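Heads up, the chain shows up twice below as structure tokens, two forms, tagged structure 1 and structure 2.
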Structure 1
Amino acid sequence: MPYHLFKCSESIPEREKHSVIKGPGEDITSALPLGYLNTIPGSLSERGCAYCGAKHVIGTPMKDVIHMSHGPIGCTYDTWQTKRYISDNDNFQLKYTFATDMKEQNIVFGAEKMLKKNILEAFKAFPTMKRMTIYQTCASALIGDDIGAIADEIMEEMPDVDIFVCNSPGFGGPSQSGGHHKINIAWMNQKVGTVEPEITSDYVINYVGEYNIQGDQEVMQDFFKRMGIQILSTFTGNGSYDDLRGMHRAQLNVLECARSAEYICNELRVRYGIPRLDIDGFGFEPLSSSLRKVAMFFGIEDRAEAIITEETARWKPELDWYKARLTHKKVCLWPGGSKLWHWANVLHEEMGIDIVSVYTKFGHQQDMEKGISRCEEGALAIDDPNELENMEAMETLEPDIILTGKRPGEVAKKVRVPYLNAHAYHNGPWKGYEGWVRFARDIYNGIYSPIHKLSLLDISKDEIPTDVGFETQRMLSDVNLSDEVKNSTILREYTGEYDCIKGLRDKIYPEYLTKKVSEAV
């Protein structure tokens, strides 16, 4: 597996060890890109900062909390309304953001007093909110404000409120990943064990590393509830602050995004002996085997099997409709941290898509290890990608679609590669059986867009076809399909609702008696 040096990066040869091409028959033992090292300044890397890793990725999806950043307004403003972590309490965490608005005099004389005023003001403005998180920024870290001391002072004065402090300034580490780690450990140290939760089931989990992007958490929660499993807390999407203080009482930590949240699982194992089970809500097979694993842990396999059978029967014909039309389409799988390995193999297996490249902005070598082992031969793997390398990769690989962030997606658009938002999704949720079909549908609609096809035509040079008044996605996708597939009475396009989350929110679940109760009866 040779390292790959991009032409555009010949002048910074240290980049060579950040990219590899997966050769025929090779596995990751022959070479692995370097990962999670300091960024090369001026390279137009796509990385963010440790503040955003803590606050924006993990902190703010918590739904019943005043999220305050101690610093100038920019950090707060910039990480507000730039993600799609919804919640079932009318999206309080999306709608409101709080900055202490540090000014020059605060830099000079300290900002602890004004922080205290800020906290009091925020609780006053939202009298029903009794929980708060405070995030340090570069500025408040450098002037050395003791945020924790102020939080303690307030909690003493106002016994009904609780405050969590996260010290993760933007400069703390090569990327957002440093912030993930810091907030995991901080939550563990400050808050876990400070509330005793009510246990209502024999089967109790924490659902960890899940951020409810467009409703992912609610989809997965539905499966767990149908199995009679109590979700003590979700770390952190759609998660409740006080629920997360009771994480120590779970029997199992079910971990989704290992990149951002394995730290707290590992700590919960060490301190409370709670085992960690890594699962995957993306894709029929990974999800089914995840549900089986969780069920097996509790000895309720039949409950999982019932869900798997029902959901597969409902949605598999729709997934296969798309698979028939997406087979051997080439994708650059360019997400942030862990989706390269969550998606690589299953996109190929279940949608027929070939992964021609994977990258990770803030992943570590272990993410690359998993990602590379799951992508196709010949695929190009890039650590800490930058703008010119991405362009070069798109020009050589000619992908049919790329899965990446919003802004890099705009770059792809210009070279006429359709893009889907890998972080926030297009029309998600993408977890769950239905979600996975929605993902396939989004990919299909991206690739087979008639407008995309028109964008490939140069009217000054190419023959302009004048015999066609319109095209549909299906006219483009079905050209080379066999009649058997085209006319299949089994396969069908996606038939779900535009919003598949609303219905879950007032769903009634079967009641399973706990062992204690059933013994009493």
Structure 2
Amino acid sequence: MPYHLFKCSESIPEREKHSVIKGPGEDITSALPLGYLNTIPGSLSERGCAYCGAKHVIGTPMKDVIHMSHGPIGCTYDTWQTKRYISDNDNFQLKYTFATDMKEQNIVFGAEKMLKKNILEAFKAFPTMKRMTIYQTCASALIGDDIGAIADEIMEEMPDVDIFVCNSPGFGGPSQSGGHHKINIAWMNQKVGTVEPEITSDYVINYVGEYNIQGDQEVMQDFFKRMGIQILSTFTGNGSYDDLRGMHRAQLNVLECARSAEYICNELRVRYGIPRLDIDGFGFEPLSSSLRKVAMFFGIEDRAEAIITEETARWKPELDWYKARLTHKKVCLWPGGSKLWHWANVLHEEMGIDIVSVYTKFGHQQDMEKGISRCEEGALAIDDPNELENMEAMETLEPDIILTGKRPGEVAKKVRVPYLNAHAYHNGPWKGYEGWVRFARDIYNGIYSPIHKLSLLDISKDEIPTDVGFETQRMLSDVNLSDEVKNSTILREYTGEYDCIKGLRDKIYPEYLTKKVSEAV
């Protein structure tokens, strides 16, 4: 396992053990970089803070909530609308964000009175919203404002409202992952068990670690509803505040993103005895395996198999069309945490893509373990990279595309490397069978867009070709394909709707009799 010290980081020699190249025959015992440590001084990290991890990642996707940040306006602005956490209530949580806008005088004299005033103003401005979350920031934490006491005062004065307080200041951990942990445990301690939910099925789950990025939650919800499974709550994408207060009545916690939400699953198991089942909604085979596992838990395997057969027959020819054109394309897989290992293996197996690098900004050691074990030999694995390391990696590896967040992605575009937004997606959803085809389509569009050939030209010194005619994606992607593949009557491009979520919201599902009703009949 050769550690890899980037040339740009030679002045920070401590960075060497945060990057490794996976050698022939190596496994995670010999190809694991250091991870989830404090950022090394001098390295310009792209990490988010613990406040961001609590509010932006987990809290904000709750749909029927006023999300209030107690701190400077910049904290709130940085975590507003940068992810497409859509909802079926007209996206209230994306349209509006709230902040107390602390100033220097508040740091000196305190800001509790201002906080109370802001809370009352927010409820008055949106009288139909009766739920609120308040997020602590570095500023309000350092001066010691008692947010919980203010929330209690408001709830005593306004009995019809409920407020959740999350004390997760930005300095509360090495990265945003620290905030994930804090909000998980805070919700468990403050709210779980305070509402008794209505049970309408014999099969009841909490869907945990799912944030409904461009509709992912609604795609997975469709599968569960077709199996007759009730989603008691979703933590937290498209999730309802009061539904999440009733998490303690589920029979099973189905966990998607382990990095951000395994903590609440583990607490529900300890306190209420609810088992945890990890699943994966990305890719045909991982998704099929996940549906089978959930169905096996409840003894309804036939329902899962019917869905798998139907969906695979519908969408596999379209996935294979893209695979024929993406095979051996080089990708840098640079997401935040769990997508590192959700995607590493399945991108290669189901789309033919070669993963030349993986990195994580806030993942833990186990995320790197899973990711490295699932990627090919020669892959460069990096923990908490800085911007210059990203640039050097792209120059060295020459990827065809990178899958990452907006900040490193926009930098990549400046050096003529296309990227897809792995955090908020380009044209999602990407979960589900159709979603995985949409992902393949977006990768194809990114790599084979004719505009990229023009972007490589420097008009200040390069000669502009005048003998090149009009080019299309198919002209670029099909040049080396056999006639059999190009003219296949089985393989086809994506044929789904531009908005594949709208139809799910209007869908009518089969009614399965519960045991209680069956016995009564």
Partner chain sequence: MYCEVNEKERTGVINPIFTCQPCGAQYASIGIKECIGIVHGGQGCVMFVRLLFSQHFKESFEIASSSVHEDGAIFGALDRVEQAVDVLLMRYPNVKVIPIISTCSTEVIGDDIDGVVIKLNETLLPEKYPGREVHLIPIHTPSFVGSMVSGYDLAVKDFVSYFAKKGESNNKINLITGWVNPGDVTALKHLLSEMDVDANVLFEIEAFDSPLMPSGNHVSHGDTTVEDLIDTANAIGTIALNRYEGGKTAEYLQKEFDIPMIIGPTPIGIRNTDTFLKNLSEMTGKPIPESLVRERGIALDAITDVTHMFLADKKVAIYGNPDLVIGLAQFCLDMEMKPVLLLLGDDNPNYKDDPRIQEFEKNLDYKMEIITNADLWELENRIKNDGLEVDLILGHSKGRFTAMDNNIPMVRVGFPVYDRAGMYRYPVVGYAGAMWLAETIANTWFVDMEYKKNRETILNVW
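Numbers given to residues start at 1 and step along the sequence of structure 1. In this text, the rigid core denotes the largest set of C-alpha atoms whose superposition between the two forms falls within 1.5 Å. Computed from a prediction, not measured in an experiment: that's the story for all the values here.
- Looking at both structures, it is structure 1 that matches the form predicted together with its partner chain.
- With the core superposed, Ile490 shows a C-alpha displacement below 2 Å between structures 1 and 2.
- Positional change of Glu104 between structures 1 and 2 reaches 2 Å or more at the C-alpha, relative to the superposed core.
- Superposing the rigid core and comparing between structures 1 and 2 gives a CA shift of 4.6 Å at Thr466.
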